[in-house]
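Look below for two forms of one protein chain, each set out as structure tokens: first structure 1, then structure 2.
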Structure 1
Amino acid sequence: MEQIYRLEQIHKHFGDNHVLRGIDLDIRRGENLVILGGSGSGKSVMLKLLVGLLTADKGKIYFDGNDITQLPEKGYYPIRTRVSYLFQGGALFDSMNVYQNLAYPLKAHTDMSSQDILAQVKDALKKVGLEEIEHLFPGSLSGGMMKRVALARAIINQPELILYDEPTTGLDPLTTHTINELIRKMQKDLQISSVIVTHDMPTVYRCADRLAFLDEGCMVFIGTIEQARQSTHPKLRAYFQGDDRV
């Protein structure tokens, strides 16, 4: 399967804190890769490295076969039109209504007409199960609605890949299920690949084509869920304890 990203021996420090310790990982076109791990294991740091929000201290990152490890900020602009980032809190602009939040990337990066932008905003909202809410502001939305609006903004540029940072944190089980189903829908209907950082097991089970387990800055497992359930790694096994799924 074709690779979108390849990480080779990636290290990242914050002062004396060695967060990533020699990460090797490939991210494949067409799949949902779930990265599982506890708080502080380096999951979100790794996502930020992929789009240049952070810079690796050592190692190589390849995008579409090209070394992007030390790109200048402007060098990431073309990548960010192909790769969307769904932040944990949604990162919607509080001072903008839903339409303005979704229209922002189109106005910034395209020469589309106002009529075409409105049509694309409505279409993106429809894809995530929200309609006629363009006039609402983020402060009036529920947590689940904010996640779906953020997802609509993430798909509005028709990306190849979405990076999800804890997409279901703080959501109730029903809303978690809705978000997980939408992630699968984006993959099936729009052919959008995903990297999903989480510690939520329902998201792992519903969304993962492959699972990577990050522990104390090291990638200690990469494989299928079935292989993960048979792993002897104690921390990974703990996530599957009491699991009676077939």
Structure 2
Amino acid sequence: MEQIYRLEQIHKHFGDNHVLRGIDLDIRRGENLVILGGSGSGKSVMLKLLVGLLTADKGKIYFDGNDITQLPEKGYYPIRTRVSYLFQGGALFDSMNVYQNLAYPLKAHTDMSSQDILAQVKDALKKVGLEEIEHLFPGSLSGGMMKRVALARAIINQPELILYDEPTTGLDPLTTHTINELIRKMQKDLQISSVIVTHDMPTVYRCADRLAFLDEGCMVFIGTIEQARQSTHPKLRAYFQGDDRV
């Protein structure tokens, strides 16, 4: 399968905190890659490196075969219009209402009419199971609703790849199910690939084509779910063991 991203020996420090210690990873077109890993293991940092919100200290990142490790800010713009990022905390603009939040990427990069934008916004909200909340501000939404609005904002401009930082954390099982189905559906119907950072096993089972496990800054496992089940790595086993007991 064709690669979208290739990471080679990526290192990232913050002061003396050595967060990523030599990551090698492929992200392939058309597949859903799930990244597991303990809290603080550097998952969010890794996603940010992919779109240039942070830059790696060492190693190389290739996007579509081009080296994008150290670009000026503007150099990342073409990538960022093709790759969406769902932030762990949602990162909705709290001075804008839900409609304005969702319309933001559309207004910035297309010249759609306001009617078309409104239709797109309603459509995106419906996909994540929300309706009639266009006029509300993020401050008056529940945590789960915020997460879903942020998700709607990430999918609204139909990118090639979506980076999800914990898309289902804190959501009820039914909504989680809706979101998992949505991720799968977008992959099938629109060929949108996904990188999903999660701790949710249902999401892993439903969405993952491949699984990567990040531990103490290293990728200790990359493979299919079946291979992950067979893995002898104690921390990775813990994810699946808990499941077997049920």
Partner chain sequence: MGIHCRYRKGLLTCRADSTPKYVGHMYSRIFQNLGQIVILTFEFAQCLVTRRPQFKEWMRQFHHIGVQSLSITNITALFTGMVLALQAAYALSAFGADVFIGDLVSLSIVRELGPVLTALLVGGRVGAGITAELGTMKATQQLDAMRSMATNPVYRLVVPRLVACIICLPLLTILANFIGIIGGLFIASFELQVDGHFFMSRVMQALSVNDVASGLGKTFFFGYFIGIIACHNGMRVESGAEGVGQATTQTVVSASIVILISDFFLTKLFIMIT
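Rigid core (definition): largest C-alpha set, two forms, superposition within 1.5 Å. For residue numbers, the reference is structure 1: its sequence is counted from 1. Here the structure is a predicted model, which is why all the values come from computation and not from measurement.
- Matching the description of the form predicted in complex with its partner chain is structure 2; structure 1 comes from elsewhere.
- Treated as two rigid bodies, the chain shows a rotation of the smaller part against the larger of 12° between structures 1 and 2, based on C-alpha superposition.
- In the core-aligned comparison between structures 1 and 2, the Cα atom of Leu130 sits 4.8 Å away from its counterpart.
- Per-residue C-alpha deviation between structures 1 and 2, core superposed: Asn97, 3.0 Å.
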